[in-house]
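In the block that follows, a single chain appears as structure tokens, in the form predicted on its own.
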């Protein structure tokens, strides 16, 4: 692949994102606290007593071993998408296609688990092979956006977003067609979803008990997080990513293969998203259905934004959003507070951070 690539334009959205990801941690913390405060005010405005809503939230997030385990499993998905985001962002790229990459990973993991002949294989291969296939599929899906960016200069925000729409509709097609992944219809009440994947293809539980169903996905994610941190901080690839992100033209003149670096960055980001889809299917849902990705890709995007390019920030933000989502579900069931409030709080966090970036820019300009 040619070392030449169209330079990353210094458009307002790209420069604003760069400032946003470099904000001091105090601004991110303040944004979270203000967003939670506004969320509490909205709960009061709905007429729900805080004495009912807050205990429901805490119970759903921390009230039992099962609740904590479910939140930890969700955090794995958010963290994987967030890790992909910060890795691509180091190269000046913005991967907003986590939702589609999760969907593609779920589709491929389902196909391999059900029809790939892996059930009954030794040495953990029944659950490993679907994960690897989903990781590769997600990487290819992300790599498409990388090739478009490197070859013809297509804005990766647009391409990854549109690829997400395509992936979601592919998912819908797969679970609606009996010629693809839909389970055989035995009655008119048969749901449009795949059959349940074999038990051997499901992720093993660390605890061995469904009362606390933390899966092996958690240590896998931690190992990958350490690997991403090492790559970004102490590897030749991390140096190339940073150089391309700072100045692709100068990088090309210095002998760095800019185009291949862009494609590789998007491939890795997509691969992590595809793995997240496999984790969701094999560790939590076990059947592929419409709405499978549950908005997790967009949550992972916000996690990446909050992390400010830091792996530890990704892990912290992933835990925050995982427990927030679990608590929100419990509030809806127990206190009648819509789970949409969680999305409102997430949006407020992004708006607060963007506002802080704008304020810092104005202050620096006037100094």
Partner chain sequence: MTWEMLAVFIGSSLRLATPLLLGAVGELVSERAGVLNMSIEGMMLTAALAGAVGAWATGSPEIGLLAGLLAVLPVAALQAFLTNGLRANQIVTGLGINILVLGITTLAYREIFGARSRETIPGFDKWSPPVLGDMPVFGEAVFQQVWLVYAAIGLVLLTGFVLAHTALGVAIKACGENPRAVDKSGLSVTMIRSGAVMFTGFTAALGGVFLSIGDIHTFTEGMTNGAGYIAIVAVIFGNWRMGRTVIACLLFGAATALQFQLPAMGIEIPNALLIMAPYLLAFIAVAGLVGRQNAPPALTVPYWRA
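Residue numbers count along the first chain shown, from 1. Because the structure is a prediction, the values reported are computed rather than measured.
Keep in mind the form predicted together with its partner chain is missing from the figure; the text below concerns it.
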**Request:** Could you tell me which one of 33, 333, 58, 42 places a heavy atom within 4.5 Å of its partner chain in the predicted complex?
**Result:** 42
**Message:** Only one of 159, 215, 71, 202 gets a heavy atom within 4.5 Å of its partner chain in the predicted complex. Which one?
**Reply:** 159
**Message:** Within 4.5 Å, heavy atoms only: does residue 29 come near its partner chain in the predicted complex?
**Reply:** no
**Item:** Contact label in the predicted complex: residue 163 to its partner chain, heavy atom within 4.5 Å
**Value:** yes
**Touches its partner chain in the predicted complex: residue 324 (any heavy atom, 4.5 Å)** = no
**Prompt:** Contact between residue 207 and its partner chain in the predicted complex at 4.5 Å, heavy atoms?
**Reply:** no
**Message:** Please identify, from 123-131, 105-113, 192-200, 148-156, the stretch that has a heavy atom within 4.5 Å of its partner chain in the predicted complex.
**Reply:** 148-156
**Complete:** Restricting to 323-351, the residues within 4.5 Å of its partner chain in the predicted complex through any heavy atom are 332, 338, 340, 341, 343, 344, 346, 347, 348, 350, 351
